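This document starts with one chain, in the form predicted on its own, laid out as structure tokens.
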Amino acid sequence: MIATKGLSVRFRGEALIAYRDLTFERESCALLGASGCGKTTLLNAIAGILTPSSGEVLIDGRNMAAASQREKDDFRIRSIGFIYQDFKLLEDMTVEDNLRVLELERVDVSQMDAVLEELGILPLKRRRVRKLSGGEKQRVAIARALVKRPDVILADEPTGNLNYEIGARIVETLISVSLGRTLIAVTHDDRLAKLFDRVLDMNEIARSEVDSDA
């Protein structure tokens, strides 16, 4: 289970974003809202990429916000699958090599073929990423997040570069392969948000305040 308590994140020279207390447990949840309302910031705080200014991020009862950066990084590598908006794939490498890169962080990728098959891209395993379509690249990004069988999947605008029809298929696939896990995905499209178990309107969850230290 993931829970946030009294969470806020301050950006020097910008705003402080404060969040209402939240709980996520083995469900698919969409964070809906316009750009700048704190969706990605919340994902980054949960993942340990950003250190909160105050409050707690509890994952299975452990306050990860209070952990060292090394502990946060180790936990993210081991237990969190993060799907980035811009994919962060190595374009000149094959699909297989993009997943095998995780072995440098001691991630077990022995389930690679099963994950690629589940996502319908096993035949593309030895194709270079730069030769793939946008939808295929997105599936590779999802495969990279899922290959370590994480307990938590965080997706930042997983369909941001795709049209609605392809985006809906990607979301349906992502939800299907995430069953039994906690999936939290950022989107600005309310049509896609409705496919998830739960939708949180970040305009109601988060508030921005002027940073008085700026």
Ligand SMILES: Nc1ncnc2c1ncn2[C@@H]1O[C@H](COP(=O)(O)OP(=O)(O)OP(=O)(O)O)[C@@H](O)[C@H]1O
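These figures come from a predicted structure and were not determined experimentally. In this text, residue numbers run from 1 along the sequence as written.
Unshown form predicted in complex with this ligand; subsequent notes refer to it.
Peer 1: Is T40 close to this ligand in the predicted complex, meaning a heavy atom pair under 4.5 Å apart or at it?
Peer 2: The answer is yes: T40 has a heavy atom within 4.5 Å of this ligand.
Peer 1: Quick one: is S68 in contact with this ligand in the predicted complex, heavy atoms, 4.5 Å cut-off?
Peer 2: Although this ligand is absent here, S68 would stay clear of it in the predicted complex, with no heavy atoms inside 4.5 Å.
Peer 1: Using a 4.5 angstroms cut-off on non-hydrogen atoms, would H188 count as touching this ligand in the predicted complex?
Peer 2: Contact check for H188: yes, within 4.5 Å of this ligand in the predicted complex.
Peer 1: Considering only heavy atoms, tell me if G160 and this ligand come within 4.5 Å of each other in the predicted complex.
Peer 2: Result no; G160 lies far from this ligand in the predicted complex.
Peer 1: Spot the stretch among 168-176, 53-61, 30-38, 145-153 with residues whose non-hydrogen atoms come within 4.5 Å of this ligand in the predicted complex.
Peer 2: Among the listed stretches, the partner-contacting one is 30-38.
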